[in-house]
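The form predicted on its own is given below as one chain in structure tokens.
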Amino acid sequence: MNKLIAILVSLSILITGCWDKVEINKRIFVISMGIDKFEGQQFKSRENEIFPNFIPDRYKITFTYPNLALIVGDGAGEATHKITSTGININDIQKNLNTHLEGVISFDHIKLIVLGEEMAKDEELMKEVLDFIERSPEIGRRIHLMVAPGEAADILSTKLPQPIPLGLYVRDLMNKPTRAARSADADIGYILRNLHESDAAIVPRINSSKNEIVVAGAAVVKNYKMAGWLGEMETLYLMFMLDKVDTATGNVIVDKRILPILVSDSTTKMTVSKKEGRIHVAFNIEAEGSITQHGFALVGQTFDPKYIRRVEKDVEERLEKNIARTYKIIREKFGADLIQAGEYLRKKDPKVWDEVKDNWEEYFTKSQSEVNVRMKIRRVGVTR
């Protein structure tokens, strides 16, 4: 019996192995991926005649990956490789590329996925892409998903002034502690969760010029397709509603003098209730900040509590008005529950949610908002 056990143990050691093992130097580590809708002229081949139900290509995918040979000092050329291919779906393109590329495509280190505008507006394609992202074990939930005006391929073709892959550049840009809140703070995990819970989400907007990348504003996704754009300022005020503002800059006018204000801390508490048959959403915001610039040689003003209170009041009024206007745009123009008021009711007040859930979009588009801001100026620049 002991001999039999010893033989079985020995055999189990000898026959173990990794059946799908791929050496690291044979992997193509994709850093960025751009997904566009493909509507070009389909290549005519013998297969089209043999198989009349042949499905034409629908996607154009662009992959970028680092030139590992150059990094280790054993090669030449550009720091980043780029390859573009078309296909029926992402899996189709990936498998086809693996048949003629030197290595095997891997998404283990992907940092950025960019969707072209026309692709994002196509509900069927958008659902397929979101499903691919959600099911892929290689794509983490902290990865950045963004929408580009025009084609995603153009974004991935941007020549950055620094020799750094685009995905890493965008990751560092979004992780900067001093990043202004004019871009949507939403990674893949946040976007997928909101779409599951509210059928609506915001996706950061990415744009480019010849050698510059700008991440500002947001795409509104409703019912699994892009419904339109939010500008930079609208995105900023939405971030206030969502309690996602760490730092923000703005200007107020006091005594005909323009004062730059830095908001360095902000906390928003949202409450949702039903009053007189309508949904009522209240935002109570407490913020701190500083006056970063004032008039030269004006002594004493910034140390006067009454003057500081006037500045605080101006900030409060401007924020209240602009947040209310942004809420109205979201409610009337898009009818998209980007603030997840419905999810709030489902968790906090399930009795009310049961009353409104079957007609939630109608209730939301007719909802009322209330914004209360309390601002405290804690610092006044640096003086001699």
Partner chain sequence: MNRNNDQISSAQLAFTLAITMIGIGILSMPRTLVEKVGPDALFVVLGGIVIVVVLAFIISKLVTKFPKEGIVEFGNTLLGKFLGTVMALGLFAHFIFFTAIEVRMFGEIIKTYLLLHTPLEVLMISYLLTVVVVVRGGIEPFARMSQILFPIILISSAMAILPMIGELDFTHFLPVFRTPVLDLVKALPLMIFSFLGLELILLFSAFVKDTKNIAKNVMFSAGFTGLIYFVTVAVTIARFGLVETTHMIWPGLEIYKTIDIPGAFIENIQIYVLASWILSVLMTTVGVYYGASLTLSRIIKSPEQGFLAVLMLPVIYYLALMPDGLLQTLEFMDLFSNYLGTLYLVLVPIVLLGMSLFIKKKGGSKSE
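Treat the numbers as computed from the prediction; the structure is a model and nothing was measured. Residue numbers count along the first chain shown, from 1.
Not pictured, yet referred to below: the form predicted together with the partner chain.
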Non-hydrogen atom within 4.5 angstroms of the partner chain in the predicted complex for each of H109, S136 and K347
yes
Looking at L192, L101, V214, A153 here, can you tell me which has any non-hydrogen atom within 4.5 angstroms of the partner chain in the predicted complex?
L192
Partner-free chain; cross-checking the partner chain in the predicted complex, the single residue of R257, H196, K269, R278 with a heavy atom within 4.5 Å is H196
Verify the contact flag for E316: yes if a non-hydrogen atom of it lies within 4.5 Å of a non-hydrogen atom of the partner chain in the predicted complex, no if not.
no
Indicate whether the partner chain has at least one heavy atom within 4.5 Å of a heavy atom of N175 in the predicted complex.
yes
I'd like to know whether R141 contacts the partner chain in the predicted complex, with contact meaning heavy atoms within 4.5 angstroms.
yes
Taking 4.5 angstroms as the cut-off for heavy atoms, does K351 touch the partner chain in the predicted complex?
yes
Within 4.5 Å of the partner chain in the predicted complex, heavy atom basis, the matching stretch of 196-204, 145-153, 230-238, 282-290 is 196-204
